[in-house]
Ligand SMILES: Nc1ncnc2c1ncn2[C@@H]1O[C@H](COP(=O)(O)OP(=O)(O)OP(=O)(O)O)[C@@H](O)[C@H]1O
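The chain below stands alone and is given as structure tokens, in the form predicted on its own.
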């Protein structure tokens, strides 16, 4: 494959975006992560607001402000499959753009950036990707003041690109690629650029220690607990006429039970259970509580991801 023809970005999306807004609003149980991400983005894209806060409350720009600004703009989303990592990474930019009244661009890195294994190819592709993101961030830079726009680089399945260099069997080309990834993250930290890097992984322990040390925050995504499953299912089931007792029964049934130590993930609920409920009734009968119990029985949750040892 010609290096010039390799697509390094799977998607480039601009915010605000109504589809992203809808998906973002549907992510229940992640409120503390949403709040932290919005605050982090606000401070990255409007750095003078941090100085203003320090001056207002401490009568000077404190040294703490510089420590904060010197962090690499890297955030790791870690957790089981189907817990909302990628969905949040793909959509939180819409909330940022709307709150800050600014344009935000998401660059979703393609796994094609691993290349074909040719010597130097992975390093070249990753360097090119970070170079394009940095150029976009420079164009958006407000030169120390509030930035006019911002960029987010999303690296999904990050363990495929950033595996620990401590692995004895790791190929030299992969080690060089991890080095390029680290340099790219560090480079975005220089110059007060309006850029964020989000890495999603269900194998956080497999990430290179240098990557993990650079993360400003590592968010850990869990399967929804009973309250979160209730918040997710209740609006849908209430609209269908289910009673509170029936809803509670189904919420309980989607948790750990009968010796199974895990409940449903968000994707199990949204992509398997609820569509399965619709398909079980369509086209000849209504959705009833009895039918819903059958669907739950026939659509067990996916097992948790087990990292290779």
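As the structure is a computational prediction, the values presented were derived from the model and not from experiment. Residue numbers count along the first chain shown, from 1.
Beyond the structure shown, there is the form predicted in complex with the named molecule, which is absent from this document and is the topic of what follows.
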_Taking the named molecule in the predicted bound form, would 44, 47 and 96 all count as contacting it (heavy atom within 4.5 Å)?_
no
*Do residue 271 and the named molecule come within 4.5 Å of each other in the predicted bound form, heavy atoms counted?*
yes
*Taking the shortest heavy atom distance, is residue 87 within 4.5 Å of the named molecule in the predicted bound form?*
yes
*Indicate whether residue 157 is a 4.5 Å heavy atom neighbour of the named molecule in the predicted bound form.*
yes
*Taking the shortest heavy atom distance, is residue 163 within 4.5 Å of the named molecule in the predicted bound form?*
no
*Sort through 27, 250, 65, 37 and report the residue having a heavy atom within 4.5 Å of the named molecule in the predicted bound form.*
27
*Scan 208, 174, 121, 80 and let me know which has any heavy atom within 4.5 Å of the named molecule in the predicted bound form.*
80
*Since the chain is shown here on its own, which stretch among 276 to 284, 53 to 61, 241 to 249, 260 to 268 would lie within 4.5 Å of the named molecule in the predicted bound form, judged by heavy atoms?*
260 to 268
*Any residue of 221 to 248 that, in the predicted bound form, places a heavy atom within 4.5 Å of the named molecule*: 232
